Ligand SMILES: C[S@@+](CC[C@H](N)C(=O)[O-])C[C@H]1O[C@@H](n2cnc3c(N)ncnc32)[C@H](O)[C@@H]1O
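This document opens with one chain alone, in structure tokens, the form predicted alone.
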């Protein structure tokens, strides 16, 4: 705890945890107390509020805006990601989409072959951009498809950052020369996502705990290291809903410490943290 941080009582900490669970479905452990103090103290100081009780009262008052309420959530979410994280997921995705291309693809309303992928919990964008770079580099014909990647996150700050597609050159550390060559380098210490790849991605702020405005079907869903922040009932509900929007021949990729729990009738484990859909009914609604 830093010297200028605002003190947090046990009662206030429990109220913070309760509020985050109610608005975002995120379950905070007692080990996150220092994180709560550090991150929310910064928010409160900008509002000239000197106690957590006053801050929580403010959030429930008519004085607080939608942005104020969103800043509470943004401050308490964790965004750890990198390009090509969990390589085996992208190797499997490339193989899967190759089969989709080879077989009779779904045709969209515009008459073009349709491909939809969802990056749920996209953070600062490295995951959806990696998906786009992997697939378009391997299958250039996707440029002529109705190919879209939905990238969503509850944190509006990281969604706005992700949509810019600009990162420090340090993000290239650990990447092979072949992968690093894909990025544009304007010479100002940054790297940028090529337009032909970034234009396939639609970034949206989405609280997975709220009703979803999307119906699918998705040919692949990445929901990695998202469920770990939810308690078991919310995890079960989340994976059940993801199963409902996953195409019958689609795959879902999750984090190494996650599992689908009670949804074994919807998914089949086909690889390390890779699940195939067991849903046989036709899912014809378009995202």
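Numbering follows the first chain given and starts at 1. All values reported here derive from a predicted model rather than from experimental measurement.
Not pictured, yet referred to below: the form predicted in complex with this ligand.
Although the partner is absent here, residue 52 lies well away from this ligand in the predicted complex, with no heavy atom inside 4.5 Å. In the predicted complex, residue 56 stays away from this ligand, with no heavy atom inside 4.5 Å. In the predicted complex, this ligand lies within 4.5 Å of some heavy atom of residue 206. For the chain shown alone, residue 79 is a contact residue for this ligand in the predicted complex, at least one non-hydrogen atom being within 4.5 angstroms. Just one listed stretch, out of 38-46, 60-68, 243-251, 24-32, contacts this ligand in the predicted complex at the 4.5 Å heavy atom level, and that stretch is 24-32.
Of the listed positions (154, 131, 162, 151), a single one reaches within 4.5 angstroms of this ligand by any non-hydrogen atom in the predicted complex, namely 154. Contacts between 179-202 and this ligand, taken as any heavy atom within 4.5 Å in the predicted complex, involve no residue at all.
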